[in-house]
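Take a look at this one chain, the form predicted on its own, written out in structure tokens.
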């Protein structure tokens, strides 16, 4: 088969109509695209003899042999790679995650003179910015008027020209060990990284919804469809149902319409639309119904989605018998929110707290975003779900906090001034909007004073420290 340079295997297959990548181990049910950002196992295939390969994160190249995977695959009898190169790296700052928070942090640190290693599982940097085609609001300093993928391009162009930045793509950080050593692996290479400080900007993953046949190909996260459509220019389906009327659900519905996909309806279990009026108005002008007080009941299909049934709910969210509606669709997009990806923070030993306003389990932190593990910072959606602009601001705060700590003289003073400015803008201006009140409340619940942080460290000493 033919593919375009810069595509992933999963995208190249989906573009020619192959949407079943594997079959589940127990029941042999088909599996297809779901998140498309490497957070799930739905795109596992056997690539050049290696099973459980995340094809959404594996770039195409000439001569690859790709096979569908049936159930649990056994390792190949002979090593695929005869020898793995082992590299030890010492750096001032390690940034895990190349999304908006990680890129902003790297951009600031690159000007500080500190050495930086930035690691990302994807074969290109940008994170969720790569799929964002809408223009950002706000000031020029925060990329107002630019589209997400343009912001990613600007960041990457700047970083690749900096001599003190080392970029490791297609690289997975799999653990932190004694002495603050961070282990990572990429094809043919194993890294032992010893940083003085770490910014873990590991992002988020989409929530799933339980209903019969929710595992069929054609049911996917809204972000997965955005990756397919916006990042790679592949039409994700012909007729779609969107579940969830937050900003993501409304925006993805509009983008589907622009791509020539018929959107049958948006369903929302609450009685009010969750997103901004400006986004809902665009959808309504297209004549797409937004059904509040409704949810999806089940989908129908053999090897992929063929129909979806929605149902009205009462004030206790119980289905109302006889209110079912059936839609002929081949695409059901779940836009029901995100949850922070904080597995690495927990593995390191950072104290965690479940905060519903932030989407789930997040690490406790100071206003400067340092966790209970000394010199481990959190930024972006892994600190609690907000949006790209706040991720950029948090990356900025974490970076200036590190620069002020590890620099001397005028450079440290200047970093402290920029840190104070960023904190004031984020907390006193940006998060003062009523639209962000829920996120602000959640971030307040996750933030402790420096004195409280030291008390927590004494009471619950972390197993690892950086510095």
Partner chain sequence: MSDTDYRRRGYIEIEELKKLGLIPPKDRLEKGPVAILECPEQIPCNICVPFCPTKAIQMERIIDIPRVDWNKCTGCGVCVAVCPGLAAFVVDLSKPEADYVTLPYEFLPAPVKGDSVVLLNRRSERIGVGEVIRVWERNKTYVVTVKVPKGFGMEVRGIWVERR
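Since the structure is predicted, the reported quantities are computational estimates derived from the model, not experimental observations. Residue numbers count along the first chain shown, from 1.
Same protein, other form: the form predicted together with the partner chain, not shown, and the subject of what follows.
Of the candidate stretches 60-68, 412-420, 398-406, 433-441, only 433-441 contains residues with a heavy atom within 4.5 Å of the partner chain in the model of the complex.
When you look in the model of the complex, the only residue of 367, 307, 282, 239 with a non-hydrogen atom within 4.5 Å of the partner chain is 282. Interface residue among 113, 76, 144, 233, judged by heavy atoms within 4.5 Å of the partner chain in the model of the complex: 144. When the partner chain is considered in the model of the complex, residue 275 lines it closely, a heavy atom lying within 4.5 Å. For residue 271, a non-hydrogen atom is located within 4.5 Å of the partner chain in the model of the complex, even though that partner is not displayed.
The shortest heavy atom separation between residue 258 and the partner chain in the model of the complex is within 4.5 Å. In the model of the complex, none of the heavy atoms of residue 427 sits within 4.5 Å of a heavy atom of the partner chain. Along 120-144, these residues reach a heavy atom to within 4.5 Å of the partner chain in the model of the complex: 135, 136, 137, 138, 139, 140, 144.
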